[in-house]
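What follows is one chain in structure tokens, specifically the form predicted on its own.
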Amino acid sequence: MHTTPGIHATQSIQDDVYAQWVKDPEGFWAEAGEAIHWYKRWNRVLDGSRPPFYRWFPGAEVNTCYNALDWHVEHGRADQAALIYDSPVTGTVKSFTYRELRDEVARFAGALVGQGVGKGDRVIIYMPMVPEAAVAMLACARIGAIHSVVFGGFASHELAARISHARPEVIVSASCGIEVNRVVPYKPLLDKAIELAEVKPRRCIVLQRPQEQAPLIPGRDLDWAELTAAAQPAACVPVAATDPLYILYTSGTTGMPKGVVRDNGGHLVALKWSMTHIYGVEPGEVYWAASDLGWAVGHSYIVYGPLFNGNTTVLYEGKPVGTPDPGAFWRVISQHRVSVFFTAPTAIRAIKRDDPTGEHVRRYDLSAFRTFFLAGERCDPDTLHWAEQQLGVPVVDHWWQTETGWPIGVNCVGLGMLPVKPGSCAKAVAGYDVRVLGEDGQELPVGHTGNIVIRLPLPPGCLPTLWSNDEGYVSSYLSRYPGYYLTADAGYKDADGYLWVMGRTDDIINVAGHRLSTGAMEEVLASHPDVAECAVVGVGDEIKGEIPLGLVVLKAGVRRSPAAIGDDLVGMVRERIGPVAAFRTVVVVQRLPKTRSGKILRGTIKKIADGREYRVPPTIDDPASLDEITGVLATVGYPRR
């Protein structure tokens, strides 16, 4: 049972809009659909004839690229900046107007058509954070091809699995990616992946970057610049609203890859609605999501959402720290007059670790900066407060998933701010009927932690199924609680209807029969003044079944001994969570193992501590961090012998 900070939310515009949706869901989405350009309108808003496979806007025809680019060119935004490419790793800043971006996309779409790519064909995009990656995505959408972006630099066997599953006609890649202090050649990884794959693409189109020239294989590989120079621009192709726009493979999959499908119509409607109502950003303003095009955030809020809304979007090839310093994000916001910014809590924790007093923040003019959104994992209150204090703008933690493609729980800034409760993502968004269920499928009372689910049908923009795997869609998400989508997140609702997402369901540990949230313990550790980042995992214990183990990264310049800090932390958890948590062990590490998107690999840490075999996740940012964890855990007796 949880208690909630003493903030009570009154009825708000967000509540009123949610009530509107509850009263008439199809009418609600029909009205939202009026903001989109359709070649042909829908027969009905929702097709529920084959549950659990619901489809939005059946019968409608639309083109995603037309709504993102051409419509704006034709309606007064031709000379407005559509995309700003900012790359501190190459020292490049380049801006594209809506007309320029439309022309680049049309030309590359023509290049794809020239290689035999058409409606329904798959194109894998394996590229770094360069404008050409966004151009390739939009070009696929323009001709009705289905893109599948694979994070640049992914290991060959992981790329091969996606090639085998998606069966692309063409792969679009680049000669290299660029990290803070090294160039990463992509072509050897791509060649090895094609060698391993069960099916082979007919062509590879390779962008040659100045930092690395890749050897091309005659007859298969084509040079991006040469190909596009000779291509004729392609027009937008109308597709069914229910046709797939893209496939995005979830990170860390094993066996058959889980390819999340996104359709054209529902995706357009949901993202366009979200830009104004959730993010509160007006057409013409600069919006920046500091993520990667290989992740859902990159698809939804670097490319599609901002362009649907007529914004200027920033595509950033750099890091939160080290390119060149912890002021990197604030420099971009200042230089490009960013109004609304979105990144992951882990990026802010890295900045806070290196610049705890915010000296780098004060170097920049942030007068255009209005709202700061965080998502990707739960933001601990200490990090949220630090960002609020340093930046002087509202900091909005929100919750969504690759599968949903847009927010589930959020403080809808465009509908007027609700009171902020640090640690909560606020309330469910219109379209999502969010419940908290117990193991028996019964809804739990206020304040009780359980499995967070969403009652079907899911709103527009969410996955209608998995690519070539309807059965896997049902077994992965819909079978645990029939009639509900299982988020695999655990948490509770408070008396005001606020959602508290405490972590993945496997982050709920059972200590001597007590179900406890490791997220709640992490919140306590993160509040310590010397702690920059932390993770808590449940490890096996002969007596209690499971006990929590804490790992912390200390802030720069901390002089107190790790043992003294560890004693503090054990005492704090005992005081705030209770002795029942049996929290006794904290280890200090230099860095926590994470995916490239910034998610801490808690499951892998747990396997190391328990002495179980583990697979190095393909999305890991720094494999050496696992070696460090193994060594540090050995000093405190893990795995138990």
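Definition used throughout: the rigid core is the maximal C-alpha set that superposes within 1.5 Å between two forms. Note that the coordinates shown come from a computational prediction; the quantities given were computed from them, not determined experimentally. From 1 onward, residues are counted along the sequence shown.
One more form of this protein, predicted together with a small molecule, exists but is not displayed; see below.
Shown here without its partner, the chain carries Ala111, His147 and Pro238, none of which come within 4.5 Å of the small molecule in the predicted complex through any heavy atom. Put simply, Pro579 is close to the small molecule in the predicted complex: some heavy atom of it is within 4.5 Å. Not displayed here, the small molecule is approached by Lys544 to within 4.5 Å at the level of heavy atoms in the predicted complex. The shortest heavy atom separation between Ser291 and the small molecule in the predicted complex is within 4.5 Å. The small molecule is not drawn, but in the predicted complex it has no heavy atom within 4.5 Å of Arg615.
The partner is not drawn, yet in the predicted complex one stretch among 283 to 291, 215 to 223, 195 to 203, 82 to 90 has residues with heavy atoms inside 4.5 Å of the small molecule: 283 to 291.
Contact with the small molecule in the predicted complex, judged by any heavy atom within 4.5 Å, is made by just one of Gly358, Gly566, Gly153, Pro422: Gly153. Though the small molecule is absent from this view, in the predicted complex it lies within 4.5 Å of a heavy atom of just one residue from Thr312, Ser339, Thr346, Thr449, which is Thr346. Relative to the superposed core, Arg574 undergoes a C-alpha shift of no less than 2 Å between the shown form and the other one.
Shown in the overlay between the shown form and the other one, fitted on the rigid core, is a CA shift at Arg41 smaller than 2 Å. Core-superposed comparison between the shown form and the other one: the C-alpha position of Phe583 differs by no less than 2 Å.
With a change of no less than 3 Å, the CA-CA distance between Thr346 and Phe583 is smaller in the predicted complex than in the form shown. In comparison with the shown form, the Cα-Cα distance of Glu546 and Thr383 decreases by at least 3 angstroms in the predicted complex.
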